[in-house]
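Here's a solo chain for you in structure tokens, the form predicted alone.
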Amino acid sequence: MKTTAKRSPENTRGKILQAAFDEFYKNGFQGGSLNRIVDEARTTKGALFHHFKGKKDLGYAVVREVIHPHFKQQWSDPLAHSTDPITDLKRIFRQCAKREIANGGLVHGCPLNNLAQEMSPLDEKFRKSLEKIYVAWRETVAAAFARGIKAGKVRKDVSPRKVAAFIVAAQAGMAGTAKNAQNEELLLQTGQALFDYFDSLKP
């Protein structure tokens, strides 16, 4: 029974998705190798093509089933019921920066931002799939700021939608510049500047 569980189609599919995410994250989608993916997943190309039509189909699935849930868990869920988005965003940013530095994010950057920069100009389905994540992220931040205004934690003249758009864009830019500079201190400096902006939104 244990062997059957290990070799179940869903288990194989999950391993392929995770291996593909790792491969695309480290080497980009275009530079990603299906051979390395099947080796990492300890499966075969036959199994890969059983679950996915090809490399692009696999890439779309990685965005939909790995990256999107990751961003939801990391950024959206902690803000889902927030009435003090400034305090909560600072906590989320600190936790994320610490985790990403520890997990190699400083070297490889943000997986969402990486794919957006690489694939959005080349493939419309990729662009739309990635934009769904950005839209959901912006909407979550905007809703949190709207609740923060009602709770008296955010200035009444603040536009939740504009602030959300800026915060998401700032995070993507911070990840990209830190990746290029390979400089932890730069990431922390830009993070502190963003915190100063957050504080300017308080009543």
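Treat the numbers as computed from the prediction; the structure is a model and nothing was measured. Residue indices: 1-based, along the sequence shown.
Only in words, not in the display: the form predicted together with another copy of the chain, which the text now covers.
Peer 1: Report whether the minimum heavy atom distance between residue 173 and another copy of the chain in the model of the complex is within 4.5 Å.
Peer 2: The answer is yes: residue 173 has a heavy atom within 4.5 Å of another copy of the chain.
Peer 1: Is there a non-hydrogen atom of residue 77 within 4.5 angstroms of a non-hydrogen atom of another copy of the chain in the model of the complex?
Peer 2: Output for residue 77 is no: heavy atoms all beyond 4.5 Å of another copy of the chain.
Peer 1: In the model of the complex, does residue 114 have a heavy atom within 4.5 Å of another copy of the chain?
Peer 2: Because a heavy atom of residue 114 falls inside 4.5 Å of another copy of the chain in the model of the complex, the answer is yes.
Peer 1: Is residue 30 one of the residues lying within 4.5 Å of another copy of the chain in the model of the complex, judged by heavy atom distances?
Peer 2: Residue-level check for residue 30: yes, a contact with another copy of the chain.
Peer 1: Sort through 161, 55, 51, 70 and report the residue having a heavy atom within 4.5 Å of another copy of the chain in the model of the complex.
Peer 2: Flagged contact: 161.
Peer 1: Would you mind picking out the stretch of 145-153, 130-138, 40-48, 59-67 that comes within 4.5 angstroms of another copy of the chain in the model of the complex, counting non-hydrogen atoms?
Peer 2: In short, 130-138.
Peer 1: Look at the candidate spot formed by 34, 97 and 103 and say whether another copy of the chain comes within 4.5 Å of a heavy atom in all three of them in the model of the complex.
Peer 2: Heavy-atom distance to another copy of the chain in the model of the complex: none of the three under 4.5 Å.
Peer 1: Across 176-192, which residues bring a heavy atom to within 4.5 Å of another copy of the chain in the model of the complex?
Peer 2: Those in contact are 176, 177, 179, 180, 181, 182, 186, 189, 190, 192.
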